[in-house]
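This document starts with one chain, in the form predicted alone, laid out as structure tokens.
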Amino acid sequence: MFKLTPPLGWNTWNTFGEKINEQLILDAADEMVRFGLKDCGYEYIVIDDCWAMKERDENGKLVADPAKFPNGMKALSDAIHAKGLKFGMYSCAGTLTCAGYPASYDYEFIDAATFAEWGVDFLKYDYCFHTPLIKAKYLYRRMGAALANCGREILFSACSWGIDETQKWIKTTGASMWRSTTDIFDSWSFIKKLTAQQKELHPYNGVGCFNDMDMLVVGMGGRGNVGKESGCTFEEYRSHFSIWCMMGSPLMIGCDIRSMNEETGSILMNRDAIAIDQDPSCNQPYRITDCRYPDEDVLIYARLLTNGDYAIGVFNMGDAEHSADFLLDEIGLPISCGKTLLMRDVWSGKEEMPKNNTVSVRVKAHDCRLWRCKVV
């Protein structure tokens, strides 16, 4: 399935792990609509690992665990579609999934046909228990071919963690998004780690096949399957979301949206930040040099948007407050052009303008500034 902008949705794994069931999925879908997430563009409800029985049936087909999903996956899919949402599921390129359930190695066409029968719209395809005798690109091409021939449009989400230089071959598989990182956990150290992994990967993102920096931990608060001690602060979650939007990553919510508070909603439903993520040009972000006090923990990024605006973000990944200073020359606006920027802060709504073609700000530790800028 060809996508023009990064997919948005919700996935069970970060909070619930194996503790999933039919009612949870239906409740999450209801909350997606009620809270307004659907209106912001979030559309996929994705069941991750641990949904199946431990053995296939006599015909070699995967079977949903009847204790967890008593009405079966087709009925669940129909219910989600009736709410105006799309239905996603999980499998793996190995003999077993990461949690030890049957996976799709050598069953690719059977499983793709089964997912199509169930009305699946999205397949997350992991990389655990894979054979060392076959390279990743061949395993992902197998499932890509199976999905392309299953008779239904199913978005192929390749989750190979960037193994075997995934970025160099992923577009040969038909995947619409590809995981470039190791798994995320609910801590600032992991957000910082995954952000650092993107340094060489910016050219490998774009229309049709999006670089997936992994699911969001915004709002988890240290709870759930990938919870980590106390989780993150509001500012850290805001920076996390801003970075994912700036990089044009798919946005897959991982918190328990049934108990989401307004603070979490204010991040996940910031339409200006989402608009940067969803900008139809999907132009590559690039790093800007700090012209006065450069620091490897202070990241300054810019991205040209479709209507000629710029997205500009300053991200302080370090543990102390820091200044950031950059010139508009680096984004193509030298003093001689007679143009400057009207900069509107995505989070505060405050407008400001550079002085003498220079932007100077101070950013607290683990916090950010994210602007949408108009050339004036």
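Given the structure is predicted, the values throughout are model-derived calculations rather than measurements. Residue positions are given as counts along the sequence shown, with the first one as 1.
Omitted from view is the form predicted together with a small molecule, to which the following refers.
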| item | value |
| --- | --- |
| Asp49, Asp309, Glu43, Asp325 - the one with a heavy atom within 4.5 Å of the small molecule in the predicted complex | Asp49 |
| The unique member of Met177, Cys245, Met143, Met215 whose heavy atoms fall within 4.5 Å of the small molecule in the predicted complex | Met215 |
| 4.5 Å heavy atom contact with the small molecule in the predicted complex for all of Trp188, Glu236 and Phe315 | no |
| Proximity of Cys98 to the small molecule in the predicted complex, heavy atoms at 4.5 Å | yes |
| Cys128, heavy atom within 4.5 angstroms of the small molecule in the predicted complex | yes |
| Contact of Asp183 with the small molecule in the predicted complex (heavy atom, 4.5 Å) | yes |
| In the predicted complex, Tyr90 touching the small molecule (heavy atom, 4.5 Å) | yes |
| Listed range touching the small molecule, judged in the predicted complex by heavy atoms within 4.5 Å, from 157-165, 113-121, 77-85, 288-296 | 157-165 |
